[in-house]
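Below sits a lone chain in C-alpha cells, taken as the form predicted on its own.
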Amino acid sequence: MSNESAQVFDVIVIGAGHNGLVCATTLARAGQSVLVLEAADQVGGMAITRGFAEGFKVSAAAHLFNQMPLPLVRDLNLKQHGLQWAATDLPTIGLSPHEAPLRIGDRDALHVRCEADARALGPFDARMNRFGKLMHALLASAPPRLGTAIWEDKWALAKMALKLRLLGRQEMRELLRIIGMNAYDLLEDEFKNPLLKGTLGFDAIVGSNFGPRAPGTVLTYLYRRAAEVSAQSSTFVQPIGGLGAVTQALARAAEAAGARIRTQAPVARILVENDQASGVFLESGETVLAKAVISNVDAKTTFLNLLGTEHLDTGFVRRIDHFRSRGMTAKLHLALSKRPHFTGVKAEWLGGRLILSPSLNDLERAFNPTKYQSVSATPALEITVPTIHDSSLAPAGQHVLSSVVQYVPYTVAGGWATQRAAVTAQLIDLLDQHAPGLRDSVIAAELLTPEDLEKEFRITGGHWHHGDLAFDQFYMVRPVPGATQYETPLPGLYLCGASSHPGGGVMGLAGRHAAHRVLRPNP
C-alpha cells in the first residue's frame, strides 16, 4: 500500500480528462490539496494522442480544438506549459459528389452558385453569432436553481432574462421562434444551395443522436456557435502533437499549481462514511481519503457503478438510469502511404476540415438506418489530414487521415465482431470516391465505434457528450434533477465532467464551474 493511501486530501478528482484537470488546477491554486486519479496510462480522457499503427499517431476521439474559452486558455498558461499550434484558421470545406467543393465563408464562390445564398449568409452568421453570445452566457456560468431564496440564483435568472430582453423585440421573438425548431427547417428557410445547407447542418448534429429533422437541433447548432463565441474564434485550430498536447499542457498546469496526478490508478468505488463521500477505494486495493470527491467520469458510471444505488433514493436512480447516453458517433483512423488528393480540393484546403454532408436530405438518410441497428452506405463525415500541418504524427512522406463518422449506432445487427471489417471497408470505399486512389494507399485502419469508445474511455454508452444535449438534459436539468449545479444527493460528492453543464466538447468549463462550487461556502 502506498503512502498516499494513508493520507487525507482535501479533494480527489476521479478522471484526468480535460475537465478533471481544469478542476484540479483551479482547486490547487486556491490552496486545496488535490489528487487526480486516472485509470488509463496517460491523462486526457477522450482528448489524447496515441498510436494506432506502427509509426502513426492520431487524436483518438476529438481531433480539432476550437471550444475552450480564450480567457481560460490564458489563465491556465497553456502556452507556457508547452501548447503550440500546428495550424490556425483551418477552413471548413463542404464535399459533394454532385458539385465542386465549397469553402464555407467564401461568399465570392457562393455568389457564383447562388446569389441569394451569398446575400443571406452574412446576415445569417451575424444573427447566429448574436444568439451564440446569449447562449455563451449560459455556458460561462453555473446554472441557477429554480424556486430558491438564494440571491445568487435569483440574480443569475434575472441576468439571463435581461440578456434575452437586450436582444431587442425582433431578435428576441426570432430566437424564441427557432430555438425549439429542427435544423432542417431553419436552413431550408434560409438557403437554397444543397451543399451549403448540408455542411452547415452537420454542425447541428455532430456528436449527437439526432437527425437534422429532429426538434431541438437548432439548440445543438447554437450550442456549437456559443462554444465558438466562448473561444473567441469561429475557426478551428490544430495543436502540434494532436489533442493530446492540450491535455498534456493541462496536466502540467495542474502539477505546477500543486495538484498530484496518478495514472494507471482506476477507482473501484467511492467510499461513504456518515452519509458523506469520504474517499475512494482503488482497484489495486488502496484506500485514499478526502474531504470531497469530484467525478469527471460520466453520471451513470459515477452513481450506478462507483457509488452504488444503495446510497441513493429510487427516484434519483430511475432518472440516472433513463439519462440518454448511448452514442451514435464513431471515429475512423487511416494510416496512408502517401498524401491523399480529394477531387476539387485545393492544396491549401487539404489541411482543413472537410465535411462530407452533400445535403440535408443526405444527412437525414445517413441517420435513418441507425433506427434499425445499421450503418448507412453514405454516412456524414468530418475529415482531417493532420499530417499536412504536423509531420510528427506519421513516418516521413506518409500521412494520417482522421474522420468523425456520423452516424454509427452503438449496436449493429449481427454485432460489431462480425460487422466491423465490412463497415470499415465501406467507409474507405466512400472516401475513395472523393479521393481516388486512397484505398490503395491504406496501410492500416482503425474504426472506433461507440462500443469501443465505451470500453477504451470508460464512458457508459460511448457518447461524446456523456449524454444527449437536449432540452430535457440541458442547463438547469443536466444531467438530471437532483444532480445539477455539480452537486449530488450525497454530500461531499460532485460532478465535473461532460454529464454536467454545459456538456461535451473540449471546453473545460464544467471543470472550472465545479471547482468554484466546491470552493463556495454552503448557503
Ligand SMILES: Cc1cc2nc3c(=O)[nH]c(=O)nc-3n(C[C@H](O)[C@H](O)[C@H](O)COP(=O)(O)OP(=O)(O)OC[C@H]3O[C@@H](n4cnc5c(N)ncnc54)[C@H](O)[C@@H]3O)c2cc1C
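Numbering starts at 1 and follows the sequence shown. Predicted, not measured: the structure shown is a model, and the values here were computed from it.
Here the subject shifts to the form predicted in complex with this ligand, a form of this protein not shown in this document.
- Within 4.5 Å of some heavy atom of this ligand in the model of the complex lies at least one heavy atom of Lys331.
- Shown alone here, Pro266 lies within 4.5 Å of this ligand in the model of the complex, counting heavy atoms only.
- A residue is said to contact a partner when one of its heavy atoms sits within 4.5 Å of a partner heavy atom; Glu38 meets this definition for this ligand in the model of the complex.
- Using a 4.5 angstroms threshold between heavy atoms, Gln67 counts as touching this ligand in the model of the complex.
- Partner contact region in the model of the complex: 295-303, out of 96-104, 361-369, 295-303, 156-164, criterion any non-hydrogen atom within 4.5 Å of this ligand.
- Taking a 4.5 Å heavy atom cutoff to this ligand in the model of the complex, the contact residue among Met46, Val480, Leu493, Ala470 is Met46.
- Three-residue candidate spot Gln238, Gly242 and Pro386; no residue lies within 4.5 angstroms of this ligand in the model of the complex by any non-hydrogen atom.
- Scanning 490-519 for heavy atoms within 4.5 Å of this ligand in the model of the complex gives Gly497, Ala498, Gly504, Gly505, Val506 in sequence order.
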